[in-house]
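Just the one chain here, the form predicted on its own, laid out as structure tokens.
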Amino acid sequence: MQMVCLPRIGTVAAWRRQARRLLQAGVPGENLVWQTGEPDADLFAAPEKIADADCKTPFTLTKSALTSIETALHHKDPERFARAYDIVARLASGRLRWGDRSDKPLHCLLGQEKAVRRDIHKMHAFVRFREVGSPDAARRAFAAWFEPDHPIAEAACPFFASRFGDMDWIIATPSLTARFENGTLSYEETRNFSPPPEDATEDLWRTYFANIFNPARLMVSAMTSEMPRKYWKNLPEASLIPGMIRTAPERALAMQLAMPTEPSAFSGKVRPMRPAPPDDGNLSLDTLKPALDACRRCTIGSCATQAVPGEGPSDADLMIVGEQPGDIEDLTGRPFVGPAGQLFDSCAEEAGLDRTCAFLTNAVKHFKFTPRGKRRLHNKPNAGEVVACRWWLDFERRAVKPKLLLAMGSSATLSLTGSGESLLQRRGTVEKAEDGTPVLITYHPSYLLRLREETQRRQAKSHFIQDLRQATSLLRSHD
């Protein structure tokens, strides 16, 4: 057995040099005993005597493999050096593929790498410096004490050198102490295990921490998961945490009671100005547009560009009711001018229905959408929004007094008959509105556009044209 002693400072770099030399010499891992610091007496281990190999076998590791191995070597496991040596030997000989977690030693090493990285992250987050130098010195001096789970000082402290390069500092851990003076980072074995004394800034830090603490959002389990209790003894603000947890319910209630119940005067000044709707007595089809623009009976109106009222002859015998405006209708302010409207026009022409003789409108007057990048995707209005907008549709019906209503889609059917269910079974049937006006139920043109199967789309279009012809026939029979 051969003993390999590694220094306590620069341990990982020393292991790399020794492992390279031993592997090139062909020394098997089972013949080695790895140790840090002064060698211990061992009956079966002799001091290291490895002659240089006459024929050195070259081998290389990937950058990710080398980084993971050297990170895991900062773990506290005493078997880490032997395990890493065995893994490198098998990688060099092709007996192991990097990343193969079915290999138990490699799986263990990758787990230890993760633990070390987590420990380094905690050290970066929870080191608290205390000023120890003279305020008159050319460079301010600070000291900190931290107790990591693993010997990570050499891996973690270069972060502080790059972050706090304008000051001198010392970070002491139970194993090593990092010293940064005049831009030079060095390490030494720790001799003083007492934390530095408190400084004047800690009271200021506690005041800041207490004021940013939000009792209404307290989640103790999440807080202790990110800031484990074992670190609390070296955190000046941790002394406040038990009291803040205990008084959180009372403080949260006080915050609720202190909330304003009336909007401030300033909110009225910044609220967007909206046109006031005209009186119901003065409302007409001509003045309907500004009244609809100002409508906030539901939340859709606050998001749309503008309202889209119906258009057509004010004495039309046929009123065609769709679902809601689309993207093009929202921008132009006119109903049925987008893709669904163009499909409707072609089907109406084939069915012999003159669009200019009908009054076209929608059950919902604003465009409801979901933003997707630069696009606005149609979002079907819910039943509450349809009911809220029915006041405007009823006004249009009273003004036009149509003899027949053509309900296209479930939203229009819901608004006119009170139910939008089972549209496919009800298509082509005539029902009654609340005032007795006949309602012919059919598809919405957008439904035809959504059908992907050609045969199904052709059949649905034929049904839609048939319903438009039926509407023309019903109007003729009514005359």
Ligand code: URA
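Computed from a prediction, not measured in an experiment: that's the story for all the values here. One rule holds for the numbers: they count along the sequence shown, beginning at 1.
One more form of this protein exists, namely the form predicted in complex with this ligand; it is left out here, but the text below deals with it.
Here the chain stands alone, but in the model of the complex its contact with this ligand, taken as any heavy atom within 4.5 Å, falls in 335 to 343 among 94 to 102, 293 to 301, 145 to 153, 335 to 343. Though the partner is left out of this view, residue 310 does not reach within 4.5 Å of this ligand in the model of the complex, counting heavy atoms only. Though the partner is left out of this view, residue 322 does reach within 4.5 Å of this ligand in the model of the complex, counting heavy atoms only. In the model of the complex, this ligand sits within 4.5 Å of a heavy atom belonging to residue 326. Using a 4.5 Å cut-off on any heavy atom, the one residue of 357 to 379 that reaches this ligand in the model of the complex is 362.
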